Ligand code: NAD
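A lone chain, given as structure tokens: the form predicted on its own.
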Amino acid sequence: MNNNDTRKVVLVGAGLVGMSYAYALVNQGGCDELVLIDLDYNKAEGEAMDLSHGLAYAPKDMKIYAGDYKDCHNAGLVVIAAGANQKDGETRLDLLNKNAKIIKSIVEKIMNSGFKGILLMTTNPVDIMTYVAYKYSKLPHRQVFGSGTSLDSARLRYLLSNYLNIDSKNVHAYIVGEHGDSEFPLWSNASIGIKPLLDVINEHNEFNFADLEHIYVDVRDAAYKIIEKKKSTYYGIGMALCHITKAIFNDSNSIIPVSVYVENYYGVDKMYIGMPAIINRQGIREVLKIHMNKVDQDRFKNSGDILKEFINKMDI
């Protein structure tokens, strides 16, 4: 990858998710240069102006402007947050085909610029759209990945921290599989500090295992509840994308659950799915091989089968 030394981000899609990510980048000093691309150039330009006016209060200076796909040629990272929303009466497969065509078009324009950096996908359904981006970018799969279950895992850590009254930074727990209804938590691999979560539950009378199932359901259904109350979700994913960006540019080798390409992983083969991976300046350094019990293996395979079924039905 030739763009290892640039902390330049190109963001495609200046909607709520994209701009929540951009706002997090500015507040956390996540990059040196941020280019906004949107079908509505005026909106992108206005957003760039608005963000730039807050730089005096940001932790570091940053160049922010509206641009076009030519700006991707020397970017270290391109983040795609563009796509259609599901309409009334529209099936998930209809939405998939519509978004696949949009992503294909965007990726082709990105690659025509001579881009050789990392491509990060957040358009839903993110696992399948990441696969589409990989297919049409022809980049190495370590350089193409999606936000996956990074937000779901953050939600899990937040709810567990509230339940156990422990700082969420000391809660090590992951949601894996599809970023969707078939996702699930790896309870047997979760820990509080260095202590297994299941031991913590077992040793304290005020906690019980049934509550873990309620927490999982709350995580799985969180987006539905937020959408019901405020129409869409964007702050959480914006912060998750910023966290991933900093892991890349800081070459930090952070372990983050993202949508990654797996081969023969508990029966899931040659596709993208949410798993913890080590992320650095090269992209995906390594997908962690996690020990799963038989129940988790079956759930993971089921999640992969659901994604594979939709990929096989898609018109791409």
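Numbering starts at 1 and runs along the sequence shown. From a predicted model like this one, the values you see are computed outputs, not experimental measurements.
Below: the form predicted in complex with the ligand, not depicted.
Only one of the listed residues (189, 245, 137, 99) places a non-hydrogen atom within 4.5 angstroms of the ligand in the predicted complex, and that residue is 99. Residues with any non-hydrogen atom within 4.5 angstroms of the ligand in the predicted complex fall in just one of 70-78, 209-217, 168-176, 147-155: 147-155. For the candidate spot formed by 271, 274 and 304, no residue has a non-hydrogen atom within 4.5 angstroms of the ligand in the predicted complex. Residue contact check for residue 117: none of its heavy atoms lie within 4.5 Å of the ligand in the predicted complex.
Contact check for residue 126: a heavy atom falls within 4.5 Å of the ligand in the predicted complex.
Within this chain, residue 132 is remote from the site of the ligand in the predicted complex, having no heavy atom within 4.5 Å. The ligand is not drawn, but in the predicted complex it has no heavy atom within 4.5 Å of residue 161. Contacts between stretch 10-38 and the ligand, counted in the predicted complex as any heavy atom lying within 4.5 Å, involve 12, 13, 14, 15, 16, 17, 18, 38, listed in sequence order.
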